[in-house]
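Below are two forms of the same protein chain, given as C-alpha cells: structure 1, then structure 2.
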Structure 1
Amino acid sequence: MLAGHVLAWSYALLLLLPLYYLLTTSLKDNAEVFAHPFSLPGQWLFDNFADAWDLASLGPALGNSVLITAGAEAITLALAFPAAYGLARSGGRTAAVVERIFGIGFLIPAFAALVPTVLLAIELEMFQMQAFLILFLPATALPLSVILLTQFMRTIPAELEESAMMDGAGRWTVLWRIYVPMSAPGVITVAILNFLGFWNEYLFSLVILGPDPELRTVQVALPSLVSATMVQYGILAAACLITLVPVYSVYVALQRRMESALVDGAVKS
C-alpha cells in the first residue's frame, strides 16, 4: 500500500513539473529563463500575458477555435450516436463488416489525406473557409467515436428496448429516452477525446485556413510568436498557458462525468 502511494505521488509530481516550469517561465524574461530555469521569477512579468494576447491576436484565434471545435463536436456526436446504436443492436455479418470499415479509419495517416482534402476544399469553393473545417474534422473523429459508443451501448440490456417498444415507443423514442441517458458517461468520454483532438488540430487548420489572423485557430496563432531573429520565451509560455485555459475548463466541468464513465466501464467489464 505504501509503495503504491509513493508511486502515485511520484507520478503526480512528475506531471506537475512541466506545468511548474511553464508557469514560472511565463513570468520571466529571456535572461532569467536561461540563468535560473527552475527558480521562481526574480521579477514577476505579468505583462507577458498581455503581450502574448496582443502579438499573437489570441482573441480572434480563441473565438475561431471555439467555433470550429464546437461545430465539429456537435456534428460528430449527431452522426456517431445513431450509427453506434445501429451497430450495437445489429448482430449480423453486415454490422460486423461495417464496424471493421470504421476501424480502417485508424489506418489512414493525416498526411495521406492532406492533398485530397485540399483539392476537395478547392473543388467545393470552400478553401480558406471555417465551414469546411467544421464539416471535415468529424470525418477524422467518427471511427473512434462510433467504435467506443458501440461497445458502450452493447452493455445496455436489450430487454429495456424491447419493453419500451412493446409499450409503443418508436426507434427514435427509444434512442432519445433510453440510450441517450444511459450512454451519457460514454458520450461525455467521447466528447472530451474529440474536444482535445479538434482543439489541438494543427496541420489541416494551417493548410486549409492559412495564417490569416481573422481565420486562423489558436494552434496556428502560437507559432507566430516565434520570430526569426529573437524568441521571447516568457511571452511564448504565457500564450501557451492562455490556450490551456479552455481545455482545463472543459475537463473540470466534465471531470465527474468522465470518472463515472471510467468506473462504470470497469464495473461492467
Structure 2
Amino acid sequence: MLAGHVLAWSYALLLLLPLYYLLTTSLKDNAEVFAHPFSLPGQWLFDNFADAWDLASLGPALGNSVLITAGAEAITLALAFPAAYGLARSGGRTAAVVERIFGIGFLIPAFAALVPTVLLAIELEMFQMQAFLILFLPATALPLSVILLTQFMRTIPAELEESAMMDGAGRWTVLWRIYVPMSAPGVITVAILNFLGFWNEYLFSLVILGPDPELRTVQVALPSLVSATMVQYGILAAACLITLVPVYSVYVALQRRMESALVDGAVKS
C-alpha cells in the first residue's frame, strides 16, 4: 500500500509540474524563464496577458470559437435528440441496424476523413468558411451523442408516452413535452462532451479555416505565437492560460456533471 501511495502521488507531482511551470512562466520574461525556470516570478509581468491578447488576436479568435462551438452544438442536439428518441422507442430490426451504424461510427476517428473533408468543403464552395465547420463538426459528435441519448431514453417508461398519445398527443408533442424535460440529465452529459470536443478541436479548424486571424479559432491562434525566430515563452504561456479559461470555468461550475459525463462517454459507449 505504501508503494501505491508513493506511485500515485509521484504521478500527481508529474501532472502538477508542467501546470505550475505554465502558471509561473506566464508572468515572466524570457530572461527570467531561462535563468530561474521553476522559481516564482520576481516581478509579476501581467503585461504578458495583454501582449498575448494582441499578438495572437485572441479577441476575434475567442468569438470565432464561441460561434463555431455553439452552432455545432445546436445542430448536434437537434439531430441527435429525435434520433435517440426514435431508436429508443422502436424495437424493430431497422432500429437495431441504425444503432449498430452509429456504434461503428463511434470507432471511426474523424481524422481518417481529414483530406476528403477539405475536398468536400471546396466542392460545396464553403472552403475557409466557418459555416462549413459548423455543419461538419456535428457529424464527428453524432455517433456518441446518439448512443448515449438512446441509452438514457430507454430508461424513460413507455407508459408515459402511451397514455399521452391516448389523450391525442402527436409524436412531436410527446417529444417536446415528455422527452425533452425528462432526458435533461442525458442531454447535459452529451452537451458537455460535445462542448469539450468542439472547443478543443484543432486539426480540422486549421485546414478548413486556415491562418486568417479573422476566421481562426483559439486553438489555431495559440500555436501561431510560435514563430521561427524567437519564442516569447511568457506570452505563449499567458495565451495558453487564456484559451483554458472557458473550459475550466465550466469545469468549476459543473465539476460533478463534467466528470460523470467524461466517464459515461467512455464507459457507456
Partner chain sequence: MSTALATADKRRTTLSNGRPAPPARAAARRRRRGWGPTVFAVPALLWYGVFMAGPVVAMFVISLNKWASLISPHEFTGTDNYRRVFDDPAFYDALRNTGVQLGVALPLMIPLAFMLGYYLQLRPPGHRVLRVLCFTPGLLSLSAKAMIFMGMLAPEGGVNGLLRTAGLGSAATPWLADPSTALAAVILVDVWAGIGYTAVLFAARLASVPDGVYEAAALDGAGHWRRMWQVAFPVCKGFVGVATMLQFLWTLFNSSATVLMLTKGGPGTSSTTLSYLMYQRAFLQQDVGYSQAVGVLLFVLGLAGMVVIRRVLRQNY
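The term rigid core refers to the most C-alpha atoms you can superpose between the two forms while keeping them within 1.5 Å. From a predicted model like this one, the values you see are computed outputs, not experimental measurements. Every residue number counts along structure 1's sequence, beginning with 1.
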*Would you indicate whether the form predicted in complex with its partner chain is structure 1 or structure 2?*
2
_With a threshold of 2 Å on the C-alpha, tell me if residue 50 counts as moved between structures 1 and 2 once the core is superposed._
no
*Rigid core fitted, then: does residue 181 show a CA shift of 2 angstroms or greater between structures 1 and 2?*
no
*If we fit on the core, is the Cα of residue 200 displaced 2 Å or more between structures 1 and 2?*
no
*Quick one: how many Å does the C-alpha of residue 10 shift between structures 1 and 2 once the rigid core is superposed?*
9.7
_After superposing on the core, C-alpha shift for residue 34 between structures 1 and 2 in angstrom_ = 4.3
